Structures are given as structure tokens and as C-alpha cells.
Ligand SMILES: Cc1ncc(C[n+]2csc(CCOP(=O)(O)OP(=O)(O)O)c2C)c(N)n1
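The form predicted alone is given below as one chain in C-alpha cells.
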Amino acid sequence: MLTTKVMLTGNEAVARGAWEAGVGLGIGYPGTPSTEILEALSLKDGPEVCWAVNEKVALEEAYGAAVGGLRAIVTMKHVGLNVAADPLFITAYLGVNGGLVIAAADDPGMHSSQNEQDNRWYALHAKVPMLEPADSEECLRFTKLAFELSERYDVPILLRLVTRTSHAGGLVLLNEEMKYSRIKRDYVPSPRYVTLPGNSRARKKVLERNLAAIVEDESVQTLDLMEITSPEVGIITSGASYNYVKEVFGDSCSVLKLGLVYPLNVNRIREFAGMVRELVVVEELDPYLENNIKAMGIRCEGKKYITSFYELNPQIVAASLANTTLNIPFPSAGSRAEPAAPGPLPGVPARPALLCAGCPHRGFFYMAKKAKLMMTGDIGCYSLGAMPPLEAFEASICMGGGYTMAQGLSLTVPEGQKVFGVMGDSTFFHSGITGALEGIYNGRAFVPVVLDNRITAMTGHQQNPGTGRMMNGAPTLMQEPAVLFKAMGYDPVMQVGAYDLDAIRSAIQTAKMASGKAAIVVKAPCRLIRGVEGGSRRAVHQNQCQDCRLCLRLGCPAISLGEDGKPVIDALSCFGCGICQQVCRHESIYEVAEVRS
């Protein structure tokens, strides 16, 4: 067997593990930190790999494939599991045929997310076994095993990742001679797949038996790592937190790393607790392990010392446990016990969150603020429209909420006033269409807006139903938000260019005054899409500039104050969208012959 060591991120290792397991379908919705799993899997020959319009659809399609006998993996970020929760709960009851693995990536520290939810509770609540790898090697190994366990115990398996596990690189030993071989079981129709109360009552008994059996499975027990090196202090941990514990303490403390975090192996935990005098739980976010261990009647401490906020690191773990009365041996005092820096380093300038230079969303937000619209936003690049200096909307909650929240707000405004809701094209297809239907159905004083930049931008330019391309680049029917709005009954439906401020102003005014249900689509491709050409870049006539600084209100990172205190436009950053020239009242901004590309 020809083997080689390669460096893989955790996400790439999950993709490799699914490929080695003979997965037939990989499906999901892009969301950091999970996106690269499907992107990596799509580069491999064999399985069907595609983006779904949302996570609920992805899990339901994957479940159908699993019922038919294929192995399937579904990927999403932690909040995506909220969207997929409905099928998640019932598929645990109904069981599977082919193996079904759900890779959900949590984001401690909210590097690119709206919250810090801990999805281990989903495993407990939905009664779905959960494995938690600590590094790239385990990502590959745990993923392969997850498919086997899913089929062996007739249940979906959750694979919990976190940002650090997903994006950190590690050495993985690969069999270079391995070939892809799709695994498929025979499909046998059965009433058990129908969600009737009678079926579910019987299936719950099967589920409980299988959950008890999976804990005793020999291959599952090998996922736990018990290192008895000291009788004084023992640390129970899992996943990425294990790496921090080992970096700080080495072999000076005994450690139990759990690979299966639901259901928990009570006997293994009791065995470990009996070998040490003091027991500490080190885990990110919620006291999930700690609470469950205390419920077993085992004395331990965790969140008394370790913060429930943000992502852990070796410095936080060391500083937290150094200031306790526990007799914890530090192999090398000093730097390891220093707390992490509380904020930006001194002298490093702040980098505010801004839309890119030339972003097609900027013009609409600028005009919306000028029109003093009451508007709600959504999740994506356009969330930055709430940031100064644009400050175009006041609230956003979750994918699709940009429309439905606006409709609720519309009940609180004076008669004749309309509330606008804004979202991007990918979010519109994800969960905005139902909200748009709601506005028509219940007759809300609401105007839906789609900022159509022709791509799923914030997560790295993935295809969606509006791009006319599938994940593999093959052409497909291009969906148009304007056509869908018209089919729902919106009239007038106005589609305007993203860089035409007069057209945007007119569309907003028409929507405000329309007796019918108006909708607006603001259209131009994301300037970062390969091949998108810019316009002629702009510059400022310094002698003609009246220093009104109106152009600075666009929040364009290409525009700043020069040495003389007047605005200047950076030639390398300018994309040539021309919005700044349109807002300048003194004709001080002009076109330069050079065209950006």
C-alpha cells in the first residue's frame, strides 16, 4: 500500500473521509466555517455534490438518498442546523438505510456568525449521536466511522466541528492507491418511513435501544482517549479544547478526551473520575459536558473557571486554571499562564466592516438612507449596510427574516407608510420567497427588495439558483427574482441597475406611493466575481472640490482624506462604479481613461 502524509484542513479531511466511505451524495448550504467541505468533495470524482437552496432542503434530500440506500453527507454552519431542525428530529425516529452524516460547524467567537450557539444540545435534544473530532486526522477517521455507525445503528450521525477544527491544517496519512467506490444498499419500501404516530411510537423504542448500544460499540470506544499521568487532577474535554489542554499541561495532568459527545459513556467517565482527586471540565461555550457529568452525581468544576464566552485558546485555558485553588501542575510557568490579549494590539489601526469598493449594494443603501426608509435587513454582505456611514436599516435577525420582520413592523407604523425589507439573491432563494408570499397573502404594507449580485458572495462565491450554474459549473435554468415576484402578484416590479442612483431613487419613490404591492430588484454582479469588468476609475479635482465630504458618506474604502484634508480616491482600489461622481454636487469627481478590470 502506497501511503503519503499530506496537510489537510479539517474540512478537507471530512471531504476525504466521506469520499473514502463511498458517499453517494454531498449536499448543503454554504456557511462559514463549513463551506469548504463540499467544495473539496466536489473536486473528487464519483459522488454527486451540489448546493441546496437551504439547509432544510439539503437534509431532506440527503435523507431521501439515504432511504434509497446511498450514503449521504449534509454540511452547514451551526445556525443552519436551526433551519434543518424539523427533519433532523424526525429522521432520528424513522431511521436510515444508507448512512447519513450531518456535518455542522459551530463558530465560537462569532468570527463570521450572528451567535455562538452550542450544537451539542441539538444532539441531546434530537437524540442523534454526535462525534467530535479534534484535528484533521480525526476528521477523516471520524467521518468514515460515522457512515458505518449510521448504518449499523439505523440513525443519522452528527459530526460536530468548530471553526478551529474546520480551518486548521494537520498532517493526515492517505492511501494513494485507494479508488472511489460508491456504496449503495438495496432499497426496501417500508411503512416505517411514514411519520404517523403509530410508527413513531414503535420507532422511538428502537432509537432508545440503538442509542444505548452505540455507547458500547468497540469502534466508538476507541474514539475516547484516556491518559492517566497524574492522580491529582484530571481534565475531561473533547474536540479542539483537547488541543489547548495538551499544549498547556502536556502530561502533567490526566486527561479524558471524549470522541462521542452524545450519548455519553457514563461508565468511562466514572472510571476516569475514580482515578483522580480533582476533576475539571474544559469545553468551549456552554457547560454541556459539565452539567451532564454533574447529573451523573460526579463532582467536577468547569465554568467556575473557564469562560462561557468566545473561542478558547491555550492562553485562556492556562490563565483560567492558574488562578484557582486546584493543585494543577504547570509544566512551565510563565508565558503559558499569561492571559490572551484583551483586544487589538496597541498602535494597530481599527479596520471597520465596510462594503467593498464598487460593491453593487452601496447605491441602494445610500439612497434608502436619503429616503429615510424604515427597513429591515438580512444575513449576508448586505448586513454591512447597517454600518456607518450608510446606516440604512435598523434590524436583522436571521436568513429570510428581512422580509417577515418587516411585515411585523408594518403593523406598528402610521397608515400609508410602508416598511421595506432587503436581502440578497441567495438569501431570497434560501428563505425569502416564503416571506414574500406572506406579504401578498396577508396584505402587509411592505416592499420586498432583492440586492441581486448574481452569486452567494459572503461565503466565497458559491452558485445559487439565480446564477444559471450548478456547483459543478454545468448550466441550469436561471431563476429571476423579478419573475418570481410577478408570479406572486407583486405589481409594479421594478428592476434597476445597482449603479444608477436616479433609477434607484425613482423605484423607491414609486414603491412608497404605489397602490399595489411593489417590489424592487437591484441588479449588478459582485465586483469580485472573476471576469466582472469595472468602469472608468474616478479621481477628484482638488482645486474644484468644495470639501463638502458628501462622497465620504458612501462609506467606500477607495475614498479617504488626503494630506490637505480633502477627499482623494485611491487609484488601485477604485472599481469605477461611478456612484461617487453621481453624489458630488460640485462636479469635482471625474472619469479617468483607465478602465478597472
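Keep in mind that what you see is a predicted model, and the values were worked out from it rather than measured. Residue positions are given as counts along the sequence shown, with the first one as 1.
Missing here is the form predicted together with the named molecule; even so, the following discussion is about that form.
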| property | result |
| --- | --- |
| Single option in 166, 453, 119, 241 placed near the named molecule in the predicted bound form, where near means a heavy atom within 4.5 Å | 453 |
| Of 83, 524, 471, 94, the one that lies within 4.5 Å of the named molecule in the predicted bound form (heavy atoms) | 83 |
| Per-stretch contact check against the named molecule in the predicted bound form, the hit in 60 to 68, 24 to 32, 566 to 574, 41 to 49 (non-hydrogen atom, 4.5 angstroms) | 24 to 32 |
| Partner proximity in the predicted bound form: residue 403 to the named molecule, non-hydrogen atom cutoff 4.5 Å | no |
| Close approach of residue 265 to the named molecule in the predicted bound form, 4.5 Å, heavy atom | no |
| The named molecule contact at residue 138 in the predicted bound form, heavy atom, 4.5 Å | no |
| Proximity of residue 106 to the named molecule in the predicted bound form, heavy atoms at 4.5 Å | no |
| Residues within 4.5 Å of the named molecule in the predicted bound form, restricted to 96 to 122 and counted by heavy atom | 114 |
